[in-house]
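So this first bit is one chain, no partners, the form predicted on its own, shown in C-alpha cells.
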Amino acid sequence: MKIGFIGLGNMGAPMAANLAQAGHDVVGYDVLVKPDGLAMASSAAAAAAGADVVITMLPNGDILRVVAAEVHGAMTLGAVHLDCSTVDVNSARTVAQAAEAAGLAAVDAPVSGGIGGATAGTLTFMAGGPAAAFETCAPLFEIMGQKVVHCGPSGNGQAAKICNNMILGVTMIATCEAFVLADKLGLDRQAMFDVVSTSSGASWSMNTYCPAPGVGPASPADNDYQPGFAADLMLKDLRLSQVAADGADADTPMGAAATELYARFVEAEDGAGRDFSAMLPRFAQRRRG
C-alpha cells in the first residue's frame, strides 16, 4: 500500500519503519523529527496525497483535529484515516465524522505495548470504525502488532484503551502499596511475589511488570525506573478516563483516586520522566496520613 505516516516520535517512527521494511511505500511527516531511512514529505497534506491509508500518531485530540482538517482534503476518495493516537473519545468520533463527510473512512486504533512493542512489531491495537475500513487496515496491524481487536464503531478503540489503562493505573498503585506494606510487616519481597503472582491478587502489574527491583520478570524497576511506560503518559490516560466518565455519567472513584495520585506524583513530586511503576519508591518514602 501507499501509506502516509504523520507523527514520527518514539512510537510512530518504529511503526513506520516496520511498514517500510515490510515493503509498503511509506512517506512520513513530523514537525520536529526526520527519522533516518524514511522518505519524508514537506507537509502533512503532502504525506497524505495519494495514500491508500494515512496513519496518524499524535499527542492529543486537539492536534489530531487540526491535522485531520489538513489531510482529509488531500486524501483520495475512499482512502482510510487510521489514527493510532491515544485521544479522547469525542475527538476520535468527531474526526471519524469529518472523514465520512469528506468521502473517506476512519479507524481509531490506539495501541498498547510501549516503545519496545512499537520497535518489535508486537503492539496490541484496539480498533473502532466500520468493518470494511478495519479490513483494509488489517494487513498493517499484522506488521505493526501481534494482536488487534475490533471493538465496534468509531471511538470504541479509544474507549477500550482508556478503560484498560484505568484498570492498569489502579492495579499498579495497589501493587506498590502492597509491597510497601509487606516491607513494613517484615515480609520478603520475593515471598510476596511468589504468593501473590499465583493467588487471587495476581495482575499484569504484579506478574509481568513487577514494580519491585529484582523480583519477577525484568521490568523498568530493574533499570532505575527508566520508563517503559512513563508516569506522564499514565496520567494522560487516566485524565482521559475521567473526561469520558464525566461525559458518560459513570461513577469511577478508584479511577479518580488514581488520577489524583499520578497527578501529584508527576506534577508535584519526582515522577515526571520516570516509569509509572516508580510509585513503589514513592510510597516507600511516605508514612500513613
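In this text the structure is predicted, and so the values were computed from the model without any measurement. Residue numbers run from 1 along the displayed sequence.
Beyond the structure shown, there is the form predicted in complex with a small molecule, which is absent from this document and is the topic of what follows.
Heavy atoms of Leu233 reach within 4.5 Å of the small molecule in the model of the complex, making it an interface residue. In the model of the complex, no heavy atom of Gln21 sits within 4.5 Å of the small molecule.
Heavy atoms of Pro281 never reach within 4.5 Å of the small molecule in the model of the complex, leaving it off the interface. In the model of the complex, at least one heavy atom of Lys161 sits within 4.5 Å of a heavy atom of the small molecule. Among the residues Ala105, Val111, Met166, Met172, the one placing a heavy atom within 4.5 Å of the small molecule in the model of the complex is Val111. This chain appears without its partner; in the model of the complex, the one residue of Val67, Ala47, Leu238, Ala221 with a heavy atom within 4.5 Å of the small molecule is Val67.
Stretch 111-119 is the answer when you ask which of 193-201, 94-102, 111-119, 211-219 has residues with heavy atoms within 4.5 Å of the small molecule in the model of the complex.
Using a 4.5 angstroms heavy atom cutoff to the small molecule in the model of the complex, all of Leu8, Gly12 and Ile63 count as contacting.
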